[in-house]
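Have a look below at one chain only, the form predicted alone, in structure tokens format.
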């Protein structure tokens, strides 16, 4: 039997999690406290120690799992075991999901809850749900029914999350006694705090978190379950307005909405409108420090494919877009309008590279917000008229992600608040709710543009250049 050395010192909440045999554990705490590493390590050690253990590691979407959680598992948790070939990755097949297979017969199945059919068709001893705040209560209840493999003396659901509003189902689950809540601190992470002192990395990391504001700072810096005061979109409910991905029918109208930036992110939203007028954000690009023409190229690669070989570059790629010789076709309907902010130079650049005209956005903030608020409320059929698909974000901006700033419209909406006004606060007065705080609102602006274009008049137009 091949031996492998695992070096890990659980501290604080992570140590309590290792010792606990509760049916459900919720690791809650500020960003960077080591919640995910601790939970992954417990699952990994259980599989190393006991033959034929079956474990499951999931996030809400497959894409988010592969981009973050599995990177952490490979690099910080199972690196030695993988190098010693005690653990090997199996990429999956039509019959079996992807998994890390252990030489003793144990296995960790991995995947996203957006592809849950095969994942939840078998039984497990342990399940780790990373970024559990993204899940629904129904997701967790379904997972619990699969924890009955019986190879360990206990079966356990482990969840890790940064806090959200106190009304979230995870906090309510803990309050009801359904799961054991463990609060992790930055001092629990030896990379941040060692031998009674903050490390150089720890000081720099906390400095980034200290630059946050409002509820986001309370949650990410101090690990508090708090609501954002003065939310603009109070009707927003992730359980209602976030929907699982689906293939958008070809006959649904498409709208693109663009808020341009460089140091601040450029946001490009792809919306589909169903026959009843409901809007679905099905794709989003949200990125900083990228030129407008590069954004345009990324958009075209997403909605077009090359249908002829690129002779100049002697390639048979069907998605090369490397020279003017590429002949392309659209893979989804053209947008009825490309709605942008009013920067003339950037609009012209975008039009030139997209080969589409753009429509200047309706810039009224108050009436635009009211139009979005109206769409978030249930209509006559009991359903709202605005939704965001889970996993709509194409890729997370690494700099924004490292700074714990919003990386998508979904991230922004729960921190989008009314500007209370410093002078009014100092005078002890309550300022009027007439303007939102101009901070982390780029997706909010783009969302307001498309709703205003759709609901507040205007005659959208598009032409090929």
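Here, rigid core means the biggest group of C-alpha atoms that superpose within 1.5 Å across both forms. Numbering follows the first chain given and starts at 1. Everything numeric in this text was worked out from a predicted model, so none of it was measured.
A second form of this protein, the form predicted together with a small molecule, is not displayed here; the remarks below concern that form.
K.L.:
Have a look at 48 to 56, 435 to 443, 33 to 41, 392 to 400 and name the one stretch with heavy atoms inside 4.5 Å of the small molecule in the model of the complex.
P.N.:
Contact criterion met by 33 to 41 only.
K.L.:
Which of 162, 358, 266, 135 has a heavy atom within 4.5 Å of the small molecule in the model of the complex?
P.N.:
Exactly one listed residue reaches within 4.5 Å, namely 162.
K.L.:
Just one of 156, 189, 106, 340 has a heavy atom within 4.5 angstroms of the small molecule in the model of the complex, so which one?
P.N.:
Looking at the other structure, the residue within range turns out to be 189.
K.L.:
Contact with the small molecule in the model of the complex for residue 76, defined as at least one heavy atom pair within 4.5 Å: yes or no?
P.N.:
Although the small molecule is absent here, residue 76 would touch it in the model of the complex, with heavy atoms inside 4.5 Å.
K.L.:
Give a yes or no for residue 60: in the model of the complex, does one of its heavy atoms lie within 4.5 Å of a heavy atom belonging to the small molecule?
P.N.:
No, no contact at 4.5 Å.
K.L.:
Closest heavy atom of residue 404 to the small molecule in the model of the complex, within 4.5 Å or not?
P.N.:
Because a heavy atom of residue 404 falls inside 4.5 Å of the small molecule in the model of the complex, the answer is yes.
K.L.:
Residue-level question: is residue 259 within 4.5 Å of the small molecule in the model of the complex, judged on heavy atoms?
P.N.:
No.
K.L.:
Please say whether, between the shown form and the other one, the C-alpha of residue 400 moves by 2 Å or more once the core is aligned.
P.N.:
Yes, its C-alpha moves 2 Å or more.
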